[in-house]
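Below you'll find only one chain, the form predicted alone, shown as structure tokens.
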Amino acid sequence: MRYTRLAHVLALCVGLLAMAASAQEIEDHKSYPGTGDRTLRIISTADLEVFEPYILAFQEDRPDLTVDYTVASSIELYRAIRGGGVYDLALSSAMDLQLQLANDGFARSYRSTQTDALPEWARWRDLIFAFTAESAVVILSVDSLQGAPLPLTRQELILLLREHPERFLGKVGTYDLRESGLGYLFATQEARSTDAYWRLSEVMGRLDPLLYCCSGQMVDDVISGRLVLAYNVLGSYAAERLAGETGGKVQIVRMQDFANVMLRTAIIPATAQEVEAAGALIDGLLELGLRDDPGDWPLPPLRQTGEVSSAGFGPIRLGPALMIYLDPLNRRAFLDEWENAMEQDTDPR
């Protein structure tokens, strides 16, 4: 009787996992037809307009392959792969969640001349590979400054928000750490590196901030005027969206006291069916990632961290330390403190 009951429980768990994988929230999807009958299935956090040039370049060399591209948040991507979703390649900005998947057996090993060329901090156990280095930035409406200088450090940003709350009430955006894997990664890394993170969070929390899952949405809302400031968005997305659109009314600011530099990473999920094709696309991404000249590609290479590198800030390294804040107790404690800071009385006085 116990074994029958256990079998029912196991069947229920398998069913729930399958339901979770099938019910994932998709942000965008597009199929790029090839001439053959094989399909490379990709799940990614990179927006279609950002990643499409890489797909088209890949198909120039592999025209036989259809590429099926699904855009999801980093949390949804993690849940999909962990829940048994069938994808050949998973590309994510949340490098800690990717590392957790690789560590827990949800990624296939892959090795090539291109992966061997990666520096140690940009790969881990032939399971996970970085192909971009992207810094977190602040974007803000120039009109909100009303002639004041740009805040170049967190302390300067704190003073600006404290002294002029009426300009920012209800118009500050940042990540919802409960829903955004990238936002959680940025927050935990920043909290480890600078005490100013919690002070800034408390100040923003008194301004009725709007919380987001994704960088692109925050950038769009600053452009539209819904926000006047967005904190910790991806610099690559900000530059791409702001190019030629705002007439200089929106400014990208890289904090000079500390800068998060995220590595966008690739893994081949354990469920992959087109392993060879997935490896070929990884090699193409790494060839671009290791380029010295950024060129016209939307995503920056590993070696091109610009002002961040010159200021002495390096990228977040791939390694077991990334998983410290994924421990359930550590995660709950961090989110409790974040919620206390961000969900306050909205009266800024």
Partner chain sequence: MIRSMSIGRRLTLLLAGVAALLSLLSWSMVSGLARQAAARTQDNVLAASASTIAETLRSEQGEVRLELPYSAFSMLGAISEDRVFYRVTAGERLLTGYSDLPAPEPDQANSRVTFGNGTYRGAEVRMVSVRRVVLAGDRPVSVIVTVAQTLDGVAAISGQISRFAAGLSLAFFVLAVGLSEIAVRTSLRPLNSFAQSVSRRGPSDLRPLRPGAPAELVPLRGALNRLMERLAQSIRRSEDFIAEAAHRVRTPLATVRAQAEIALRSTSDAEDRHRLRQIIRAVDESSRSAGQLLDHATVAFRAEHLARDPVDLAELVNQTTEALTPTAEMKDIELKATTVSVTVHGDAVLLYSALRNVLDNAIKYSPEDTTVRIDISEAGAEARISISDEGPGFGAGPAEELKERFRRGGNTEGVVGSGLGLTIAADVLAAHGGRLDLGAGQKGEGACVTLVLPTS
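From a predicted model like this one, the values you see are computed outputs, not experimental measurements. Numbering follows the first chain given and starts at 1.
Missing here is the form predicted in complex with the partner chain; even so, the following discussion is about that form.
Figure note: of the listed segments 167-175, 249-257, 186-194, 206-214, the one touching the partner chain in the predicted bound form, with heavy atoms no more than 4.5 Å away, is 186-194. Remark: Ala102 counts among the residues lining the partner chain in the predicted bound form, judged by a heavy atom distance of 4.5 Å or less.
Taking the partner from the other structure, the partner chain in the predicted bound form has a heavy atom within 4.5 Å of a heavy atom of Arg82. For Tyr325, a non-hydrogen atom is located within 4.5 Å of the partner chain in the predicted bound form, even though that partner is not displayed. Residue contact with the partner chain in the predicted bound form: Asn330 places a heavy atom within 4.5 Å of it. Contact with the partner chain in the predicted bound form, defined as a heavy atom within 4.5 Å, holds for exactly one of Ala57, Leu290, Ala321, Leu48, namely Ala321. Screening Tyr87, Tyr231, Tyr237, Trp124 for any heavy atom within 4.5 Å of the partner chain in the predicted bound form leaves a single hit, Trp124.
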